[in-house]
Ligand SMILES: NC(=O)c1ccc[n+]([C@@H]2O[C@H](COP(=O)([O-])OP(=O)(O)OC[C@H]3O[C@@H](n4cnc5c(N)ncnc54)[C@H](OP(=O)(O)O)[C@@H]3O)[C@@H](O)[C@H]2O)c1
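Before any questions on binding or motion, here is one chain by itself as structure tokens, the form predicted on its own.
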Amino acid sequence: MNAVQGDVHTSPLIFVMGATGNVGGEIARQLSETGTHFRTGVRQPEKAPPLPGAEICRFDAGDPASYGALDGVQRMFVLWPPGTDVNRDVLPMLEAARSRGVRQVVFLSILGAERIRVVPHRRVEQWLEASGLDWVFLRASYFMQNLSGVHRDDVRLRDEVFLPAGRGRTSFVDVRDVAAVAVRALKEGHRSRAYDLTGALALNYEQVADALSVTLGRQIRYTNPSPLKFVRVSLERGVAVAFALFMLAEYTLARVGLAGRVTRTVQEVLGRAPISLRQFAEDHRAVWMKDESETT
């Protein structure tokens, strides 16, 4: 662990799982900016960026030998690592956290998890509801950052948004807003709350492509592949089967009209409007820009 100086016992110790990922990394960054002492748990500590106020520990939800990283922790951010088994890799970790004195768990879930009971997120929610722990569910809509992350090269190299969402609408949310709500919940000790987190608008993917076109100054097309073509092409491009099917399930929700619900939760918790897709695109413009060799 990288120790920090000062009195670390004046407030509950917060643990952030997945601090090298999208949401966990943003939570860690925002906690650091507030001057909070906290602990991060990652599989490869050497890859975790150093942050003021952070202890960096090795932690793997599927490896009980790493659970010592939870000693002394009172509040914890948890996510389901996609492709892992909830019963094998997540619930035992939560039980270990409870036995070590963790009192609050802030869990990254998905919008509509309470109605889509087959998703692994709902199984985690149900365990937490019955656990006696203080719980907060971050039921987040589709992340804008997926466009700059897993789908980055579709936009950057192929000038397309390649998703099987049909003409359905999605209430995109910026990871920075989700993390800000998580930080508020962790620092203030929220309990028994399910936060449905969306942006201010529900957009279809033609509108997403149009917004990217304006930002990048070149035409980005929404190609709207069939579900079968999406999975086939994703596998050809090296995506793992489990993750390709997980994405298909997410975009099917949009295709059938179940991903467009808009809430005011971000506004109510943070006291400001959610970050817009246009602002997100401007902020991340560089990740979709082509090198000179890719434009010739």
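Please read these numbers as outputs of a predicted model, since none were measured by experiment. Note that residue numbering follows the sequence shown and begins at 1.
As for the form predicted in complex with the ligand, it is not shown, yet the points below apply to it.
Taken together, the three residues Ala19, Thr84 and Asn146 all come within 4.5 Å of the ligand in the predicted bound form, as judged by their closest heavy atom.
Shown alone here, Leu253 lies farther than 4.5 Å from the ligand in the predicted bound form, counting heavy atoms only. Contact check for Glu55: no non-hydrogen atom falls within 4.5 Å of the ligand in the predicted bound form.
Looking at Arg43, you'd find a heavy atom of it within 4.5 angstroms of the ligand in the predicted bound form. Within 4.5 Å of some heavy atom of the ligand in the predicted bound form lies at least one heavy atom of Tyr142.
When the ligand is considered in the predicted bound form, only one residue from Tyr205, Trp135, Tyr195, Trp80 comes within 4.5 Å through any heavy atom, namely Trp80. With the partner omitted here, the residue from Val183, Leu108, Val102, Ala165 that has a non-hydrogen atom within 4.5 angstroms of the ligand in the predicted bound form is Leu108. The stretch in contact with the ligand in the predicted bound form, judged by heavy atoms within 4.5 Å, is 55-63, chosen from 55-63, 31-39, 256-264, 223-231.
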